[in-house]
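Coming up are structure 1 and structure 2: the same protein chain in two forms, each one given alone as structure tokens.
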Structure 1
């Protein structure tokens, strides 16, 4: 999985479809350029923050799936390697395997030149031990690479969440400051 980053006109970046957040230095300029009032800008930023949170939940679910998948693939690689090692010695391999949830059976595996791999979607294929090892190694490498990209995407997303939260706070604080200035101006005009 390749990651892509591009720049948007406002200086924010995008990574794999995740829009970048724009840090607001000057709130007045930001509001003028965007053509929004304070409440609309806050609503837009809150909506963007919720979108980031939704994407973060999806990416975290993908990360959990990959983190569970990698040890399973490694275990399969080890089993195939054990089968190959036992095949060379000529002795049988005694193994316990799960028939159903919580139900195990013991099997005696004699000289075996092939293994069956569960590919998912109710599909199982028979491979030679060498082909199975190659396929499992490739799947393991792909899963680890996907996990690295996912971790980078999550870091990028967390940065965007932080920038958006800071921007929300800056816009809100700017609005409070402007209201106080107007209040002081009206009260001083009333006093004179």
Structure 2
């Protein structure tokens, strides 16, 4: 999936549906351009922050799922490889497997050219060992690639969160500074 980016000055690119945070060069200019007063600007930025947080939670959940899926696929690849190795020796593979929680039984797995793979949605298909290995490897690669893209998405998102947090702090500070200036101006006007 290509990452779409429409770049505008400094970092307001968006990535796969996540809006970029616009970097503010100068607070005064930003407020003038957007036509917002300080409180509205802060409210808008806070809301953006909340939206980012929501997306972050969703992405983190997806990441956890993928991170659990990958070791599972690797285990399957291991099992198929073991079956293939055993096939060459001509012996049967004896294994203890879990029938129910805490209850194990012994199985004798004879030579076999094929394995069955659970594809999900109550579907299981029989494959030759080679085909099974190929399919599992492909799934593993896809999962790893998806994870990479996801991690990049999360990094982009976290950058936007940081930019927004810094902007909020700067707008707030600018406001405090303005108030101070006004206070100094009015008190010196009173003195004169």
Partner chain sequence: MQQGGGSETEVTWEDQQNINKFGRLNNRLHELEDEIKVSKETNENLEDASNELILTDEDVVRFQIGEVFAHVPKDEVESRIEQMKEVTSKKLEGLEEEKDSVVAQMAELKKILYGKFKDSINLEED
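Bear in mind that the values here come from a model prediction, so they are computed numbers and not experimental data. Residue numbers count along the first chain shown, from 1. Basically, rigid core = biggest C-alpha set you can superpose within 1.5 Å across the two forms.
Of the two copies shown, the second one, structure 2, is the form predicted in complex with its partner chain. If you fit the rigid core between structure 1 and structure 2, you'll see the Cα of residue 71 move by less than 2 angstroms. Core-aligned CA deviation for residue 169 between structure 1 and structure 2: less than 2 Å. Once you line up the core between structure 1 and structure 2, the Cα of residue 85 stays within less than 2 Å of where it was. Look at residue 106: with the core superposed, its C-alpha moves 2.5 Å between structure 1 and structure 2.
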